[in-house]
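Take a look at this single chain, the form predicted alone, given in C-alpha cells.
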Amino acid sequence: MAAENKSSAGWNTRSWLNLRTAIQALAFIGFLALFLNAVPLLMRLDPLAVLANFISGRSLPPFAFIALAMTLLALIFGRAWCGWLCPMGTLLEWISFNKCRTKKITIPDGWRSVKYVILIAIILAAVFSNLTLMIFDPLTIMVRTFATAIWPGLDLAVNAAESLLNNVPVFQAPLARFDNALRPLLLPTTQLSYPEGWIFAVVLAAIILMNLVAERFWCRCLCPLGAFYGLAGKISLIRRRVNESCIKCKLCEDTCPTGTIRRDKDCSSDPGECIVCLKCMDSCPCSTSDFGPMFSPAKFNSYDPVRRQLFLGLGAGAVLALLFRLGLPSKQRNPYAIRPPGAGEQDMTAKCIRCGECIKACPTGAIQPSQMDSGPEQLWTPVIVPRIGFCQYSCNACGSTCPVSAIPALSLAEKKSTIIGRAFIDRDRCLPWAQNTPCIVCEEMCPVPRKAILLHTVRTKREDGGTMLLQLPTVQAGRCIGCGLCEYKCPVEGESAIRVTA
C-alpha cells in the first residue's frame, strides 16, 4: 500500500511541482505585463492594501471585491499566494542563494513575530488615517522599485549600448528597427530620471540578500502581507497533513523553504507559515504527507499574534500614527510639493498606499516619490517635480491608474481645468527681467489655450547705450493650472526662473 501510494503520489507530486513552477513564471510575466501597461490590477489583488485603504480612507476602494475573492481563496488554500503567485516570493525563490549557505542557520521562532507586529501596526495606523507603513507591503515594494530603479536603469543601459553600437555604420539600421520594436512596448520613449530610485533598489537588494541568512527570510519574518495570509492559513480548509507512518527522516524539514516543518513536532507544520510549495511531498520517501481538507483551526504558536505581539503592534502603530498626526518629527510642509491633478494632502496621507503605479504611468517622469521634506507622514507619496518633468496637458494617466483613488480619475476635460499649482516668476533670475536678455520660452511653452503667461513689451537700454524693445513675462494667476511645463523648459541653469508652488 505504501509502495502504491509512493508511486502514485510521486508522479502526482512531480506534476504539481511542475505546475507550480509554470504558474510562478506566468504570474511573474503577468506582473511585468501589468507593470508595463500601467494596469492597477496587481494592487487590487492585495487584500492588505485594500483593507488598510478602506480603514484609513473610510470608504471602500474600487474593485474591492477582487481582494475579497483573494481572501476567500486564502481561507481555502492558506498562504498559497506566497508560494504560487507573489512576484516578491517568486523572485526570492529564483535568487535563493541555497548553494551559498554552507551551513544551516536556525532562525529563532520569535523572529516570525515581527511580520505580525508590522501587520498590526499597519492596521492601527490606518485607524488613525495614516498609510505610511504600507511601504512595507511586498507588492508596493516591487512596483515602486521597478518604476523608479529597474525600469529606468534598464532603459539607461539599453541607451548606452545603442549609443556605442550606433558609431558602427553597419549596426545603425538594425539598431533603429530594434529600438522601434522596444519603444514604447517595453521601454519609455524618453529617458526618465528618478534621483531617489537608488533607495528603492537598495531596499529590494537588502530583502534578496536576507536569503543568505535563511531561505525566504523576508517571507518568514517580515512580510506583512504574508502575515495576513498566515492568519487566514490558520483556519484554511486545505492544509498539510502527516500520517502516522512518518519515519522522521528529516528530509521534509531540510527542504521546507520557510522552515516550518519540525521533526521534534512529529514533522508537522504550521499552516500559517506553510506556503504550499509541495516540496515536502516531493522529498518524502514514504509518501506520508499530503494536502487535504482539515476542519479544526490550527493551534497558535508562541510567535503568533497573541497578547504580546498584539500589544507590540498596537503600540508601534499608535505611536507612529500619533507622532505623524501631531507633526512632532515633521518639518514645515514643502511649498513646492505639488500633487497630481485632483489629489489633496489628506488623500495622500489617508488613501495613498505608496505603490508607485502613478509614477510608472506618468509619461514625462514628472511624478516622483516625495522624501522627508514633506514630513514623514507623506513619505514616498507622489509629488510633481517640474524641473524633472511636467504634467502633460492632454494626459490623465495617473488618476486612471491609481488603484485606490488617492488620485481621482478625472476625465480629460476635468483634468485640463484642474489647478495643481501656480507659477511665479523670480525676477532676480529671469533673463529678461534680471539681465535684459530676450527670452519668451515660458510664454511659448504654456499649453493653456488662453495663455497663462503674458508678455509686456518695454523699451530698455542696451549695454552699448542704445535702446531695444524687450518682452517681459508675467503670470496670469487666474489662468495658470500649474502644469510646470514653463519651469521644465526654462533655460536658466540650475533652479528655474519660473517655479510652480502648491
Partner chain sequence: MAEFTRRDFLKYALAGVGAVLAARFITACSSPQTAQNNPPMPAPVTPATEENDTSAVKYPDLAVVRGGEPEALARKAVELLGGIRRFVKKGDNVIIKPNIGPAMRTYEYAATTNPWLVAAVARLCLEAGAGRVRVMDQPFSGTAESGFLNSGIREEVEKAGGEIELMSRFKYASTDIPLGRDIKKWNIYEDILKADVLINIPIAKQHGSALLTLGMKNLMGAVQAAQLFHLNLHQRIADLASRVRPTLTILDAIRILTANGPTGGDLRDVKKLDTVIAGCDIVAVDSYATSLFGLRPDDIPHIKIAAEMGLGSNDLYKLNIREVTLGS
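Residue numbers count along the first chain shown, from 1. Please read these numbers as outputs of a predicted model, since none were measured by experiment.
The same protein also exists as the form predicted in complex with the partner chain; that form is not shown, yet it is the one meant from here on.
Although the partner is absent here, S302 is not a contact residue: none of its heavy atoms lies within 4.5 angstroms of the partner chain in the predicted complex.
In the predicted complex, no heavy atom of I95 sits within 4.5 Å of the partner chain. Within this chain, T437 lines the site of the partner chain in the predicted complex, having a heavy atom no more than 4.5 Å away. At least one heavy atom of Q471 is located within 4.5 Å of the partner chain in the predicted complex. Shown here without its partner, the chain carries N167, F390 and S394, all of which come within 4.5 Å of the partner chain in the predicted complex through at least one heavy atom. Though the partner chain is absent from this view, in the predicted complex it lies within 4.5 Å of a heavy atom of just one residue from L312, L175, M372, V319, which is L175. Note on the partner interface in the predicted complex: the residue among G292, P184, G110, P297 having a heavy atom within 4.5 angstroms of the partner chain is P184. The stretch from 443 to 451, 51 to 59, 64 to 72, 25 to 33 that comes within 4.5 Å of the partner chain in the predicted complex, counting heavy atoms only, is 443 to 451. In the predicted complex, the partner chain lies within 4.5 angstroms of at least one heavy atom of each of the following residues of 131 to 163: D155, N159, E162, S163, in sequence order.
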